[in-house]
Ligand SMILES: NC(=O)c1ccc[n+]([C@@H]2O[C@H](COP(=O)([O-])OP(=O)(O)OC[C@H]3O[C@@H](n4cnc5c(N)ncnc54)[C@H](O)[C@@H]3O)[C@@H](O)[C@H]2O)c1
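Quick setup: one chain, the form predicted alone, written in structure tokens, and binding and motion questions come after.
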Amino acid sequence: MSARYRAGVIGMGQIGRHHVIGYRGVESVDVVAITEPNERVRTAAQQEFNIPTAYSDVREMLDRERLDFVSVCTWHLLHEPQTVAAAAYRPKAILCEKPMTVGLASADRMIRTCEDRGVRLVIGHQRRFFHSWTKARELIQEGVIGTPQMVTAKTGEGLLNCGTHVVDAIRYLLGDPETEWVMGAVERKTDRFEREVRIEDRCLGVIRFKTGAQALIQSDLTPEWSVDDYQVRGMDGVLETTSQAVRYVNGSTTGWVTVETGYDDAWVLQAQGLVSWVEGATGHRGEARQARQTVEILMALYQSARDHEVVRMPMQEQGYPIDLMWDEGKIPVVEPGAYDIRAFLAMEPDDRAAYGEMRRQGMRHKDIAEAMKRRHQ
């Protein structure tokens, strides 16, 4: 069957490549164009994936190509302007990477623009397509552990990065409940950024859902962390899930019951879900209004730390609380030296190799940043 849909990808870093692979796993979709300002990266991606046309400018691609699907795979602060720009061309759908954006006002502008133009907007929480997470969600809904009481998870690399997946996963596992309140504590002594957005050094958060369940999140507080492992405690048992398996124990079992679910490429399943939605299916697991609730929780964790109190939903602050805390002098830098934990994404191959070796040695991001500066002095 020949492809019926034309897709274009904005940004050909690591995530953009995953989007191309995801689309290529759907028979009815052709990736006909990419855009990437870095010539080396653009040329390499075009050759590797045999993509007909590659652009350095987003607008040029949108002007010249009649795209059904547009993926936005750039850094956080570009998500809103590029989604809005793409929506003006009225593709069938836009798939924007996580985090959706920074701040609730920005998220609402993205949703409103796409809905006004009849464009479906999906946010790249592709882990919702892990078979294990879906099976865990089903088992919880079936009552194998009774009424859920507490979900615990650990993560690293900042709330806006891996923490986005963790918050979204918790909501997905629990059936996407609405949030009642959030309480968060934040430490920021360094001048830490993530993809050019100011972020925290560490965070501890509690989320209370309207169902009565709660979640406890630790971010950058422990040396071992995973965005794929969760424990859910219920009134009658405990369930744990990873990216490929689920296990649970309750009063009726003689021990842990393990369910092997296997793994299929979540990027392909995400793209298949996008096509299905366009063709008449009801919704998409990653649609923007679900992702907005994840953004609201993240922003509320920061806002709670800013005001030293519980934040009850709906959240009122529309901006980015970390920047507001910075402007108010509430998170002064104790260890000077701005650094970005994702700076390696923009590095040339030699620097990226050096960065990788320092990470394998267990060096802190801040120390690596200083070492990388010395390489170029």
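Please read these numbers as outputs of a predicted model, since none were measured by experiment. The numbering used is simple: start at 1 and walk along the sequence shown.
FYI, the form predicted in complex with the named molecule isn't displayed, but the following is about it.
- None of 313, 310, 345, 324 but one reaches within 4.5 angstroms of the named molecule in the model of the complex through a heavy atom, and that residue is 345.
- Think of it this way: in the model of the complex, the named molecule has a heavy atom of just one of 261, 113, 82, 303 within 4.5 Å, and the residue is 82.
- Residues of just one listed stretch (222-230, 170-178, 92-100, 289-297) have heavy atoms within 4.5 Å of the named molecule in the model of the complex: 92-100.
- Shown alone here, residue 126 lies within 4.5 Å of the named molecule in the model of the complex, counting heavy atoms only.
- The named molecule is not shown here, but in the model of the complex it comes within 4.5 Å of a heavy atom of residue 73.
- In the model of the complex, the named molecule lies farther than 4.5 Å from every heavy atom of residue 369.
- Proximity of residue 15 to the named molecule in the model of the complex: non-hydrogen atoms within 4.5 Å are present.
- Contact residues in stretch 31-68 (any heavy atom within 4.5 Å of the named molecule, taken in the model of the complex) are 35, 36, 37, 38, 41, 58.
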